[in-house]
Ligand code: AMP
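In structure tokens, the next block holds one chain alone, the form predicted alone.
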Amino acid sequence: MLGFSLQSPTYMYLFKKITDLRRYLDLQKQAGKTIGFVPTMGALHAGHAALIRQSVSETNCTVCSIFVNPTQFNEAADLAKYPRTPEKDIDLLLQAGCTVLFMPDVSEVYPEGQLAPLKLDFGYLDQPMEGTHRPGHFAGVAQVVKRLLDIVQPDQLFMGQKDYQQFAIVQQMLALTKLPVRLTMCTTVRETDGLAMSSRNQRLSSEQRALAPLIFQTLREAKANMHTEWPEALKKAARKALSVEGMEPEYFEIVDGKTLLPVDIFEDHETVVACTAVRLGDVRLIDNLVMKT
């Protein structure tokens, strides 16, 4: 058990083994408590804290996992460079009111030879945008989220809007596997200049950090002009705006909020989302903005 300070009554349980975690959570469920779950890869920031606080407000016991999942990284260098800040993460979780921190080793999550690969058909959801630029990424995401859900067995799962396509994939995975978990999308938390909070922001140079707010500015510009421009024209203008020195857009798409299919006419869709991924040097940032709901 971790304590925040001698003066503070705040505490949090830390588990590294599944058997120990399950023993504790089974007791909570027997006591009639609801379990909220926030899966993360660490390097936590205010966006993660917001997820924890929402879980704390809606459930009786909040579990956060910190697990840098190797199966969802396409580039070995990206996995190696992923920031790891366990002491800072623990402080943030304590302050946000987290009940349980689960920090397993890779061998605990993926015991050798004991887990069959998760094979699900996501239709079109895993093909565009991130699916095009990071092949196999969502198979890794679905695999680890399913595995963690089987371990934690929560009543409610909290995920951020920033990873909009990932949210859609997990939503479909829950439907396909019929897991009894309620998925809640939490609003993207931003810096004062609009940049979506991300663990990868730590890797930006000062020059790149000064440039990064252009991503959200471009998303807002597209939404502001949606009543006077066609989606194709907005996408073209956005890609041009993001193609400045030091920044390279991988995609800027305007899609249906449920199917992720391209939008040609705004009026034909109930929900429309603009999604983008941009590279600043070797740092890759994603963001999105709901244009119509």
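Residue positions are given as counts along the sequence shown, with the first one as 1. Small disclaimer: the values here were computed from a predicted structure and weren't measured.
The form predicted in complex with this ligand is left out here; the points below concern that form.
Point to revise | Whether P39, G160 and Q166 all lie within 4.5 angstroms of this ligand in the predicted bound form by heavy atom | key: Every residue of the candidate spot has a heavy atom within 4.5 Å of this ligand in the predicted bound form.
**Study point:** Stretch in contact in the predicted bound form with this ligand, which is absent here, among 261-269, 22-30, 247-255, 45-53 (heavy atoms within 4.5 Å)
**Key:** In short, 45-53.
Exercise for review: Examine A139 and determine whether its closest non-hydrogen atom to this ligand in the predicted bound form is within 4.5 angstroms.
Suggested key: No - in the predicted bound form, heavy atoms of A139 and this ligand never come within 4.5 Å of each other.
Review point. Looking at the partner-bound form in the predicted bound form, is T187 within 4.5 Å of this ligand by any heavy atom?
Key: T187: contacts this ligand in the predicted bound form.
Review point. Heavy atom to heavy atom, is Y82 within 4.5 Å of this ligand in the predicted bound form?
Key: Residue-level check for Y82: yes, a contact with this ligand.
Review point. Though only this chain appears here, would V109 touch this ligand in the predicted bound form if you measure heavy atom gaps against 4.5 Å?
Key: No, V109 stays farther than 4.5 Å from this ligand in the predicted bound form.
Review point. Out of M197, L94, L120, L125, which one falls within 4.5 Å of this ligand in the predicted bound form, going by heavy atoms?
Key: If I apply the 4.5 Å criterion carefully, the residue I get is M197.
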